[in-house]
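As a starting point, one isolated chain is supplied in structure tokens, in the form predicted alone.
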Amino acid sequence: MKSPLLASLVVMVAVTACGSGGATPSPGSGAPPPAGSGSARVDPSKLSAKDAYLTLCAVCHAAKMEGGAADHAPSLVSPTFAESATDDFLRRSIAFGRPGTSMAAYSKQLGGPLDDAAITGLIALIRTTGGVPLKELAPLAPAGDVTCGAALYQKNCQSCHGDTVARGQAIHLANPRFLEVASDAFIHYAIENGRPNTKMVAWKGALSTQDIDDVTAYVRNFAGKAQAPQPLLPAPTGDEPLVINPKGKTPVFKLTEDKYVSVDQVKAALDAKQRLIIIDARPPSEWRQVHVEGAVSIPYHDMTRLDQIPKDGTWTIAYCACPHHLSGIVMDELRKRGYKNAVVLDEGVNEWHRRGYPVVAAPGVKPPPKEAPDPAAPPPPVPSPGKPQGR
């Protein structure tokens, strides 16, 4: 089938979820080397909770969990989040991720790198780092009015949080995994109290309690009818062919900032049957949902298979959903090993999928919602003409 999904741990109302990215990051200040960056494979579940966090999570959520290290990832220690997010919310967010975003499913049951004990350790670490006691939120009753909530949402929330058709620049509240784990009380509390030090203000006072009830009901209405779990693609074996079109010619790419190649150029190279390697840098759980046709799974947290890549100048293109950050870790590792033609797929897998370019997808996996531009972001620079960069 041709069609993505997946992956931004936690929080709800307030913080941007996936930006255009800039410089490729390291896993975080004080982080150990990425698991598998050497010759020996390292199981992240065997690391301490702190080292697992620094290896897997700090690249986006920052070493001290304050968020914003990449893709405007949310803070995990925001007081209003910490006091309202239950352990079950955290567990399911880490395990199942956020479909169509950069937050992957990290549970080993879905092909991710963490077992249940490791996820429990991360939850304890998040709780300790936040240092805010969990509150028991009272259930909401009666339910708000969806029609009234729709008008309020469209006026005050939609430009940031999007809807079922398009994502905004903040947490996508119509995300099905978010709606599965977030209770009405959690949503109401977030709207009422906001997320300090973010764009998400506290709406208490600006909106009445009934207004917030109505908006909560409208957000819940995004869920629609419950859907049965969809099967995943078979797990990657590690024996998938690395080189696409091994007898093809070498493509000539025009790079941006000497490290990004556009999705259109890569699609054209595939159409022309040219020789290249495409690496899916996300956890294997994401590869099992949807991946670029011909891409091999070499996740940023286990790069042992990089040893198999031929050192013959073949263009090697890494992608993720961020769209630059996890793939940037893989690219940096390749360049450190002497692969000069290692680059990042600009715009990432979600844009590739949205454009209808060839993917292999599990049954029922659809392209993610389009992303509305950030009205506060400066216009992108106009690239100056440059010479094609070959091997």
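Throughout, we count residues from 1 along the sequence that is shown. Everything quoted here is computed from the prediction, not taken from an experiment.
The form predicted together with heme C exists for this protein as well; it is not shown, and the discussion that follows is about that form.
*Asks:* 279, 289 and 350 - do all three of these have some heavy atom no more than 4.5 Å from heme C in the predicted complex?
*Replies:* Looking in the predicted complex, the three residues 279, 289 and 350 all stay beyond 4.5 Å of heme C (heavy atoms).
*Asks:* Pick from 257-265, 134-142, 302-310, 93-101: which stretch has a heavy atom within 4.5 Å of heme C in the predicted complex?
*Replies:* Stretch 93-101 is the one.
*Asks:* Considering heme C in the predicted complex, which of 359, 342, 365, 60 comes within 4.5 Å of it through any heavy atom?
*Replies:* Exactly one residue meets the criterion: 60.
*Asks:* When the contact criterion is heavy atoms within 4.5 Å, does residue 74 count as touching heme C in the predicted complex?
*Replies:* Yes, residue 74 sits close enough to heme C in the predicted complex that at least one of its heavy atoms falls within 4.5 Å.
*Asks:* Find out whether any non-hydrogen atom of residue 156 is located within 4.5 angstroms of heme C in the predicted complex, and reply yes or no.
*Replies:* Yes, contact at 4.5 Å.
*Asks:* Does residue 56 reach heme C in the predicted complex, with heavy atoms at most 4.5 Å apart?
*Replies:* Output for residue 56 is yes: heavy atoms within 4.5 Å of heme C.
*Asks:* Answer yes if any heavy atom of residue 316 is within 4.5 Å of a heavy atom of heme C in the predicted complex; otherwise answer no.
*Replies:* Result no; residue 316 lies far from heme C in the predicted complex.
*Asks:* Which residues within 171-202 place at least one heavy atom within 4.5 Å of heme C in the predicted complex?
*Replies:* Contacts from 171-202: 171, 172, 173, 178, 186, 187, 190, 191, 195, 198, 199, 200.
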